[in-house]
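Single chain ahead, written as structure tokens, the form predicted on its own.
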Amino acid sequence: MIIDIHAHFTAPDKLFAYKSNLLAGRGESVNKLKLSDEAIIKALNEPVHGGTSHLQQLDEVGTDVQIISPRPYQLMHSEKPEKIVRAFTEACNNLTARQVELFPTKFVGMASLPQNMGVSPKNSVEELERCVKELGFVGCLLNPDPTEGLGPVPPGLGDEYWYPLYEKLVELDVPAMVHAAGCRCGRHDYTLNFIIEESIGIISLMKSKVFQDFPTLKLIICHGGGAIPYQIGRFVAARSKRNTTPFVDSFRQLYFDTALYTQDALEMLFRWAGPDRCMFGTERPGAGTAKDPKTGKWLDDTRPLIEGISWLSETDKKKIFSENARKVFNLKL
């Protein structure tokens, strides 16, 4: 079985019209969004991101199950007032839940949290609990910087500021996927912001006592761990000078997805993180749904790249493609 842990829903246009109305009215009138099943099914069967439909693309690359969530760059965590972010988050989570109900053998739900600039993570706990207990979701997205680059930024993920959320994740026994949202910084765009925030998040966690305080906490770092696995020598060296726990040992307390689009990058991730800590994830259809100009192959069709790594055993590959996800997300598939 192939389980893709990093995927985002394909939504009807009405969801984004709803978002526009929330932004235009700034919360003066907040109504619940209603989407018909016909609109939801239609969106999943129309061409998207330069390829065929969402459902067809899964068949084309042989993905059996996707864990889906809203597209993070759309989540507008820096907008005010807070209630419009909460309304859009709830609408997204409700859409995710309905897609799972309509396609129960194809999709599993992952929550978005109503994080907001300057607002405590405590305010996200109620929606996380609703999504897990009422909607049956198996995890959530966690944005390390809800200011989306506007600042002042919250403390790093190793700070006790995040403990109310970690406590609830442990209580519910679900993982959080560390994934930034939009970017309003003039120096870079959201794609680069994802990598920056993931890298900062790892280093903050590695300097903290989070995993001492929450030994069963499960955190997944998106996009192959940001920049860290590819610059890891610097951090290994810095940690060794302080005679503390080796950096790689601390690094392997985290989990990682494989949303990387070259075999070189995938191999480096597997070497440093280990196959036990990696789970197949592609975002398909999404940012990587483009054809390599040299080979004509889809960049986010990464299953053949992983299968082609000769030094990975068949057991390793099975862990990456399905078994690790079953364990981390408590999947009964």
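The model shown is predicted, which means the values in this text are computed figures rather than measured ones. Just count from 1 along the sequence shown to find any residue number.
Note that the form predicted in complex with another copy of the chain isn't included here; everything after this is about it.
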Exactly one listed stretch (96 to 104, 82 to 90, 199 to 207, 129 to 137) reaches within 4.5 angstroms of another copy of the chain in the predicted complex by non-hydrogen atoms, and it is 199 to 207
Notebook entry, point to check: Quick one: is residue 275 in contact with another copy of the chain in the predicted complex, heavy atoms, 4.5 Å cut-off?
Noted result: no
Q) Closest heavy atom of residue 264 to another copy of the chain in the predicted complex, within 4.5 Å or not? A) yes
Q: Find out whether any non-hydrogen atom of residue 170 is located within 4.5 angstroms of another copy of the chain in the predicted complex, and reply yes or no.
A: no
Exercise for the section: Using the partner position in the predicted complex, report whether residue 289 sits within 4.5 Å of another copy of the chain, counting heavy atoms only. Expected result: yes
From 65, 33, 306, 268: within 4.5 Å of another copy of the chain in the predicted complex by heavy atoms is 268
Hey, with another copy of the chain in the predicted complex, do 26, 121 and 164 all fall inside the 4.5 Å heavy atom range?
no
In sequence order, the residues of 217 to 236 that place a heavy atom within 4.5 Å of another copy of the chain in the predicted complex are 223, 224, 226, 227, 228, 229, 230, 231, 232, 233, 234, 235, 236
